[in-house]
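So this first bit is one chain, no partners, the form predicted alone, shown in structure tokens.
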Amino acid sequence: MNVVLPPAAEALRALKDVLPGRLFLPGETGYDAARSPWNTAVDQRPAAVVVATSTADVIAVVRTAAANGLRVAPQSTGHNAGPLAAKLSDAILLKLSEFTGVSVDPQARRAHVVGGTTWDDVVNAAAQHGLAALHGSSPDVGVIGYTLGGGLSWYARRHGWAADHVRAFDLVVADGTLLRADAEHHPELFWALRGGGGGVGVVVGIDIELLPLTEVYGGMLLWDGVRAAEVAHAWSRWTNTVPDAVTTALRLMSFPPLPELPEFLRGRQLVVVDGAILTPDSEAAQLLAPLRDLGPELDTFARVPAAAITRIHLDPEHSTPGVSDHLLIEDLPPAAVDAFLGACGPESGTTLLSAELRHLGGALGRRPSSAGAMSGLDAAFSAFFVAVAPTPQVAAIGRADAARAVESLAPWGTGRRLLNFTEYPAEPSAGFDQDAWRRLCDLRAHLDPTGVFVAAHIG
């Protein structure tokens, strides 16, 4: 007896023949490994997973999905998978982690980056030519996903959003066509892709500007957690005095007593200030003096190779289960610092691994005429709270503690959020001002009227 499969199932079987060993259906060997994101607390169960290795693979997947009532969810590393997981039942999860590569043009100070390439590869390739990239705080984050969400780097207050240093995008749109968007070609699409969060196609390549930096003054200052109030208030006052050349974050951290952790972190509550200062050493030392006068037990700030800045934040470089919450803050007066300490400090009883305040402003708040969708952010700080979530029960506690921390700072919130830091389902319009959101919605309706694409906060 011949079994008649639904059209979508027939199409997936046919696509499997075109992509042998790289398309996985539920129940098949390899499906569970292929569907897993970086955040292992997130359970993704798509209709199928394709591990792409080329632009041709991407085109084949998009055309098959569009013709058969399926959707496509591009994913590089899966760092922000939480908002996506509930939207995958009729979607092909298009993993780009095996589709990688970077080439550097040192004369033009540009790099071409493809697919799911991570920042570690780009930073190391650029460093060979005395150049640096506007990477984030973790070397294993995918370049394209990070950039589509704006891209908040350690050079952000001086140089702005990483997205505004992109010069071209290569992407596959809903009818399977490969487009190149830049300032002269598809300018509205070019605007949207620079911080608009994607959702209009599968970006398979970007051309990014690089910075002429071989070394950077950067590192961390570390104190025991009992100094939390003293250091947090001092850092808050200090951020009101520093120039745009300084981009730093303050974190209250609680480390479990795990043997794989360095001894200076293991089982401790700590206060950490880290970041980068784009000035000569003598000026950087003068700028840091008020914090150094607080007598940190560890001070690693120094001139280091630019490639080393990717790891000053000590973010985990392997799949990790976690839950988090986030908000943007208009100002950080003493009352806000006290609220932050009350929710996250050493006496709070919180289960949070990290409670972070990151200094914004500077170039992030400016809106040049050539800027993309994220420019002009009206916020002075970003707050991000994360807890390790090895089990659903522990996750629930961590989620509640993160939400409590957000609530404590809500009186100083802007009502906006950075979608790259929003690792749970949320209203995507909160990531943009009203005019930008309307433009993004109009463009998505034009380019993808049937909703082929689904992204973390779109679709």
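In this text, residue numbers run from 1 along the sequence as written. Model, not experiment: these values are computed from the prediction.
Quick note: we don't show the form predicted in complex with a small molecule, though the next part is all about it.
In the model of the complex, the small molecule sits beyond 4.5 Å of every heavy atom of residue 228. Contact check for residue 74: a non-hydrogen atom falls within 4.5 Å of the small molecule in the model of the complex. Among heavy atoms of residue 136, some come within 4.5 Å of the small molecule in the model of the complex.
In the model of the complex, the small molecule lies within 4.5 Å of some heavy atom of residue 358. The candidate stretches are 239 to 247, 337 to 345, 143 to 151, 214 to 222, and the one lying within 4.5 Å of the small molecule in the model of the complex by heavy atoms is 143 to 151. The contact with the small molecule in the model of the complex, taken as any heavy atom within 4.5 Å, belongs to 202 out of 277, 111, 202, 306. Checking 432, 412, 424, 421 for any heavy atom within 4.5 Å of the small molecule in the model of the complex turns up a single hit: 421.
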